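In the structure tokens that follow, the same protein chain appears in two forms, which are kept apart as structure 1 and structure 2.
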Structure 1
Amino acid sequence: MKTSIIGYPRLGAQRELKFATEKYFRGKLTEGELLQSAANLRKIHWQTQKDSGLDFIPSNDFSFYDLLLDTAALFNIIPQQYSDLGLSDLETYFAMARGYQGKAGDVKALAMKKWFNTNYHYLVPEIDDNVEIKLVGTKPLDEYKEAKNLGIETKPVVIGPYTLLKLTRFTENKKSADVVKDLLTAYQTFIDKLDSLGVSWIQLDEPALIFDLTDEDKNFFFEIYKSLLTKKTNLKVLIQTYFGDIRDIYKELIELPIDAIGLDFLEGKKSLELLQKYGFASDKILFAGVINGKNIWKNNYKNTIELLKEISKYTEDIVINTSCSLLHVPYTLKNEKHLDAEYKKHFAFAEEKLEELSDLKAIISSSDPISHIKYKENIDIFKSVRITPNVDVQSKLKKLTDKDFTRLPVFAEREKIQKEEFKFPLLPTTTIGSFPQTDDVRINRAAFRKGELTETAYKNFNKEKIAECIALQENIGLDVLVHGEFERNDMVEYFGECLDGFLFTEKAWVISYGTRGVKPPIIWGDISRLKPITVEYSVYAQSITKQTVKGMLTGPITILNWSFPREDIPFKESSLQIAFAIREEVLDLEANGIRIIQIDEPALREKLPLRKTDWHSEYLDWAVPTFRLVHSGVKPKTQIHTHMCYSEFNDIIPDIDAMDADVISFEASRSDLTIIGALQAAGFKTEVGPGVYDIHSPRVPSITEIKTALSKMLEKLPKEKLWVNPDCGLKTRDNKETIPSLENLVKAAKNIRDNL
């Protein structure tokens, strides 16, 4: 058997891509220097894969911001507002990704959404009526030649036409049917160019096939590929799927005149069943996704070899593959200098997954697999019990009753009590929580972690920053304040450090979007609260102002979804363990005089099953009650907020309402406020703060822009239920953008308020 991966992490072992790109944004690196830095990184990544013995090495899996945006740019899917700026190709690309505000004009960024069920965000391509689809880019061709010049043969990776069209937003009159012919001509031209270069394989990623497909969807897919595959070339075509199974189209897909199909046998619950029921085409290669591309636990070779043996009953031509791109795991364990070897032996990051592929290939190719040294070493890891359960935690779970998930009195009664308690003006203004983490904040935290600062000095510095932040918010005129979160490295990692059952890494960064990396903690064992997490700083912030300060917490579903979860217990059990810990923190904040507590759940939608039939039975039926468990014990006058962002929430609005928070803020600015209509249609009872501007862009929104957004909201939402806030936390922004943006937000809200 040969080996393959779907894609490789592009960030770099030391986040080289992030630092180079952000230097370019600041004007400290030229475009040429940025491109050279990227080439250096690609060379390292390709060489690493070649040295591991990998047979199918991907190219064009590198991106400065997002692969779907790369594909759109390749085929000239660039809305007129960006092309009219008259910028260079790279500057236009970044304008679509981040927005642009300068001499050439002022445009917002494209919408950003979660990539299927991951914590990665993609840019939503847009097609307006002026877009002329054609092949204009050379990136995949250039990167193939770049690898070839290094002596490395690669398979170029491109998002397939079906997934591209399914994830694209049409902003005017044109629809998919109007552009598909031109798009297929562009793809065919691209394939011809690859063929002329002597490329052996192309990987067309079609993850959209794992959704529930209608007959119309299936017909559209086959129309695309029957048209695309009419011209015979020497180039072999692999249609690659991931994040689930393709039960709705499997039988027909294996009959297409293509050379290989990639299936996910881990998240694809029915992939093996489909193979057993319908078999596999004798003229095709099966790229079998059996190495987990989303989690960091060591592969169990015994289980995987048994799975591959079962697969081989139905086809002999198998390539051992990852379940998805390795983009979703950290780069290498080699940089984890402080993680004990007893822990590390259980993990595999991207480089180690290359080793696993090599091991499996060697074991299967040997005359006596179970005697192979790599097999024996792996079996030894799984022989012993990894953790000892926490008896107290297990006891709490067993004692849960329905009452623990129900807050009383009901929402309508609480709302009246809270209106009287807070007496906020119409359209109360606030932020989502974090304020810019400036260099001095990061330096202070790093010095404390290295032991160069005492705890007292560290905390005193943070309190000085909190005092500055409170004064700033008072001066701007915000109604509900936050302490700024200067003590937090990350909204999940910080909480994990105060909970028993977590492990932490030094360099295990994973891309969330663009240049933004996160370092997910690892859930190792049963979870409980070790100590108060946010109480001291929240109480201090409230003590220095007469205005209301929100306590800021991360919710259990987000902590679970933004960590590397355990694989030995159900997600539901892990989430309830975390919920108990955060519940203790909520009650502690309330007991210490914090009257508004925000429990953020930006990742609620993230693990929603990709098939609607599984939404409630496999996820929402326990995820929503888990959130309610966190806040069900607070008093009626305590106001519970939550926040959600960068996912499509329109179809689960009733479930979000059922979370029974008092106020929910949503990302809305990048999606053109489409959620407002869904809230209105669902009769949403919860008070709501749709984001009025995009914090992931460096541009500063004008007062008029924010007033326009608020006016649109008020057309569909009651003025008594509307809050005014940015669409996410401000941690990643600079003060030079944050302060004028918030000043404009407050001025816009007051102006609208005065006219109501």
Structure 2
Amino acid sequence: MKTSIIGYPRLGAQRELKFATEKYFRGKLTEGELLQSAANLRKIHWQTQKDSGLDFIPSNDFSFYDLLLDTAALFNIIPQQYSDLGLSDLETYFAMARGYQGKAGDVKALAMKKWFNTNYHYLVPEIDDNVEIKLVGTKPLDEYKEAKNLGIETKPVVIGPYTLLKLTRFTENKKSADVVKDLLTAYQTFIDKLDSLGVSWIQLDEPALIFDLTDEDKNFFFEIYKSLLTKKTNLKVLIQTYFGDIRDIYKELIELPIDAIGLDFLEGKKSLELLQKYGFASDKILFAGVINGKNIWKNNYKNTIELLKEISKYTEDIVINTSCSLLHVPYTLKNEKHLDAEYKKHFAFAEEKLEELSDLKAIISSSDPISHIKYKENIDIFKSVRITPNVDVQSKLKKLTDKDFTRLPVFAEREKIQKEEFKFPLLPTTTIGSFPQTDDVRINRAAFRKGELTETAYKNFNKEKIAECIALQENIGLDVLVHGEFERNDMVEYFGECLDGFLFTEKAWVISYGTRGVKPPIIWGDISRLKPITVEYSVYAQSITKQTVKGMLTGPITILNWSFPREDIPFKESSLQIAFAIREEVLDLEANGIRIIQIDEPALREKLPLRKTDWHSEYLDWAVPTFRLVHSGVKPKTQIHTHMCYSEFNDIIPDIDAMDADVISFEASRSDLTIIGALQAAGFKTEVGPGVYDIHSPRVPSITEIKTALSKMLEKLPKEKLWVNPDCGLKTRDNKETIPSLENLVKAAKNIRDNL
């Protein structure tokens, strides 16, 4: 059996690509220097893969910003507003990725969206009527040659035409059907070029096949591939899928005249069943995704070998593959100096996954697999008891009954009680929680981490910042105040650090988008709250003002979704444990006089299954009650807020309402307020604060502009239910734009309020 991976991380083990690219953005690196540092990284990555003994080494999995954008650029899918800038190819590419403001013009970036069910974001290609699709780029060819010159044969990877078209936005009159012919000609030219270079394999990624497919989708797919595969070349074609199974098209796909199909046997719950039911094609190779490309736990060789054995009943030609690109896992365990070996032996990052592939190959091909040393070592890891269960947490969870997931009295009654309790004016104003994390805040935190500051000195500084922040909000005239979140590095890591059951890494970055990495904590064991987390700062903030201060927490679903989860228990169970811990914090805040508590869930939508048919049964039916568990124990007069962002909500509005918060704020300004209509149509009961301005931009919104947004909202939402707030936290902004923006927000709200 041979081995393969779908793609390798590109950022660099020390985030070299990030630093080089950002330096280039700041004008501190020339284009030539940037290209050189990228080539250096690719060389290291290819060499590492080759040294591991990997058989199919990908190329063109490198990107300066995003793979889908690369594919779009390759085929000249460049909307006119970017080509009109008249910039170099690389600059045009970055203009699409990040927007451009300069001598050549002023354009916004392409929209960014979540890549399937990952925390990676891709740029949404756009086709306007001027786009003329044709092969214009050479990146995959250049990278293939680059590797070849290093003595490394690679398999170029590009996004396939079906997925590309499915994820593209058509902004004018043209539709998929109008461009498909040109696109296929472009792919064909591209394939011919690879063929004449002597490339032996191409990997066409078609992850869009894992969605629910209609007959129309299927026909479209086959139309594309039948036309693409008419010419016989020496180049072998692998159609690679991941993030799920392809139950709607499997039976027909195995008939297609291609050389190999890549299936995901981990997230693809029905992949094995499909194989058992329909068999496989004798003229094709099966790239079997059995090594997890998304999570960081060591592979269980015994289980994997059994799975491969089962698979090999249906086909002999198998290549052992990862379930998806290794883009979604960190580089290497080698640089984790603080993590004890006892922990580390349970993990495999990208480099270690290469080792796993080579181990599996060696074990399977040996005459006596179960005596193979690598096999035995692996068995030992899984034999030992990894964690001691937290009996206290488990028994608390066992005692939960339906009552614990229901807050009483019902919403309408609480709303009355709270209107009486708080006596807020109409259209109350507030913020989402964080205030600008200025340099002094970061310096203070870094000094404390390095041990240069005592805990008291560190906390006192934060309290000074809180006092400043409270005074600022009082001056501006906001109705509900916040403490500013100066103590938090990150809304998930901060809570993880205060809970038992998490592990932290030093260098385990994964790309979130472009050059930005995140470092998710690892859920290692059962989770519990060791001590109060936010109480001291919230109570301090409340003690220095007569106005109401909101307590600010991160919700269990977001904490789970932005961590590397356990694989030995279901997500549901980990999230319930986290919910229980956060519930204790909620009750503690309430007992200490905090009357409004916000529980943020920006990542609620993230693990929503890719197939709509699974949405409720597999996710929402537990995620929504888990959120309710956090707040169901508070008094009727305590007001629970929540906040969501980064995604579309229009299709899960009843579920958001079922979270049963009293107030919800969310991102709306960038989606042109389309959500308001959806809220109205659904008869949304929860009070709402649709963001009135975009905090992702340094622009200061004018009073008129905010008034216009509010008036539009009031056309569809009852005035008693409307709150006024920005669309997300302010931590990435500067005070110089934040203060005037909030002043305008308050003035606009007062102005409209006076006329109601």
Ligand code: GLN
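Predicted, not measured: the structure shown is a model, and the values here were computed from it. By convention here, residues take numbers in order along the sequence of structure 1, the first being 1. In this text, rigid core is short for the largest set of C-alphas that superpose within 1.5 Å between two forms.
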Report task. Only one of the two shown forms is the form predicted in complex with glutamine (GLN), so please name it by number. Result -> 2
Requested in this report: Indicate whether R445 shows a C-alpha shift of 2 Å or more between the two structures, with the rigid core used for the fit.
Outcome: yes
Query raised in the report: Aligning on the rigid core, do we see the C-alpha of A709 shift 2 angstroms or more between the two structures?
Result: yes
Query raised in the report: Cα of K731 displaced 2 Å or more between the two structures, core superposed?
Result: yes
Query raised in the report: By how many angstrom is the CA atom of S434 displaced between the two structures after fitting on the core?
Result: 4.6
